[in-house]
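This document opens with one chain alone, in structure tokens, the form predicted on its own.
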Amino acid sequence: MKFVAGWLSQMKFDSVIVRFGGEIGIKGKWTRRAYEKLLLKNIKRVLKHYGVSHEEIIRRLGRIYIKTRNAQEVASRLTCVFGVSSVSPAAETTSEMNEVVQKAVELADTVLKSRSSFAVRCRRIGEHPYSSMGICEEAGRRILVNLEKRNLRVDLRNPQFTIGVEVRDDCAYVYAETLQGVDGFPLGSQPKVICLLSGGIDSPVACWLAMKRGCTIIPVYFDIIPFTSEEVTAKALNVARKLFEWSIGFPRKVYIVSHGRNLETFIRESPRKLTCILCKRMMYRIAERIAEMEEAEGIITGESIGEQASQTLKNLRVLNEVATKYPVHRPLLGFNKLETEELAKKISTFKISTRKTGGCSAAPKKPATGAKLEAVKRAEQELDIEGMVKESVREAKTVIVQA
């Protein structure tokens, strides 16, 4: 439906229709009920966080109806709640046909411009002395009669404006705009995961995709000073702050791991071309220890095939070998850079991630693109890997990112 908020500001809405993600609807009865209850809990968290008042929240099969005098703001806030497919500010009335049609005419008077086309769509649940088509036909007829001077026309295929009607048992809701949500599963419906978060473009998008599937995240940032600046750390925390805007009411903890000394050791004592592989394998080891501490169920990374030298299929296999206790999930595995950037813009991390702060100066000029596992293991045998891991985990700091 068209976004017509400018016109709708003249209409007094008292409700918001919240529609669930399509995947929730196809779940079994018990799972669906659990997901809907969790979604309701998350919605309440968001409204409380932003101080948006509401009078009542009603949960029905496939819907949540919120009674509020702040319908536009409530609808806007809920578009960022995982599990919500769409929302509509609406005006409530009874299910008596004349009342429904009259409310539709009032809304049409507010929305429809001169010489515009429109359609009336109706969804009905329950027993009523009329059909959904009957509502559409009568409302359309009355709109044409009452707004005759505007020279309106009905267009059922491609209308400029749509008047929506949802009849549910004894109540009915009339609306004229639908704001798209993010779909997915309610946050918290899946276990927590550890996310390797940098200040770049890819890893925040990977985190967000995991959240969309219901996982709460615990970001882990590897601080590689002196091979980068403190500005990169600040950028990573700002990215985390933006991600946490999608998880209102959940923990906002970030681990910061000092990784610069590990890199210095790799550069000093190992083949230079293996620096990136050794660095990333160490990150996986540390992430597994943190996953144990946090009782998480996996590790999320922003890697995609061929994006960097360390992300060729051969190198990813070498990286995977070191993760022995937890699976490594790569939501972006088949994404190209443009696709990732588009998602980064959608979730509002792109501008932060693209701020110039300098890259990693530890990267070799000719990194290994097809590292052999045997060679990597030989290099690691010369190092106190277990000691490096323990020290990194012991000195890791936790930061609570404020809203």
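Residues carry their position along the shown sequence, with the first being 1. What you see is a predicted model; the values in this text were computed from it and never measured.
Omitted here: the form predicted in complex with adenosine-5'-triphosphate. The next part is about that form.
Exercise. Of 153-161, 220-228, 181-189, 87-95, which is the one stretch near adenosine-5'-triphosphate in the predicted bound form, taking non-hydrogen atoms within 4.5 angstroms as near?
Worked result: Heavy atoms within 4.5 Å of adenosine-5'-triphosphate in the predicted bound form occur in 220-228.
For this session: Report the residue, out of Glu137, Glu307, Glu294, Glu73, that has at least one non-hydrogen atom within 4.5 angstroms of adenosine-5'-triphosphate in the predicted bound form.
Result: Exactly one residue meets the criterion: Glu307.
Exercise. Here the chain is shown alone; which of Ile201, Ile286, Leu243, Leu112 has a heavy atom within 4.5 Å of adenosine-5'-triphosphate in the predicted bound form?
Worked result: Checked against the cut-off, the match is Ile201.
Exercise. Do Gln311 and adenosine-5'-triphosphate share at least one heavy atom pair within 4.5 Å in the predicted bound form?
Worked result: Flag for Gln311 set to yes.
Problem set entry | Distance check, Glu303 to adenosine-5'-triphosphate in the predicted bound form, heavy atom within 4.5 Å | It does: once adenosine-5'-triphosphate is placed as it appears in the predicted bound form, Glu303 has a heavy atom within 4.5 Å of it.
Exercise. Is Arg281 a contact residue for adenosine-5'-triphosphate in the predicted bound form, using a 4.5 Å heavy atom cut-off?
Worked result: The answer is no: Arg281 has no heavy atom within 4.5 Å of adenosine-5'-triphosphate.
Exercise. Hey, in the predicted bound form, does Leu196 get a heavy atom within 4.5 angstroms of adenosine-5'-triphosphate?
Worked result: The answer is yes: Leu196 has a heavy atom within 4.5 Å of adenosine-5'-triphosphate.
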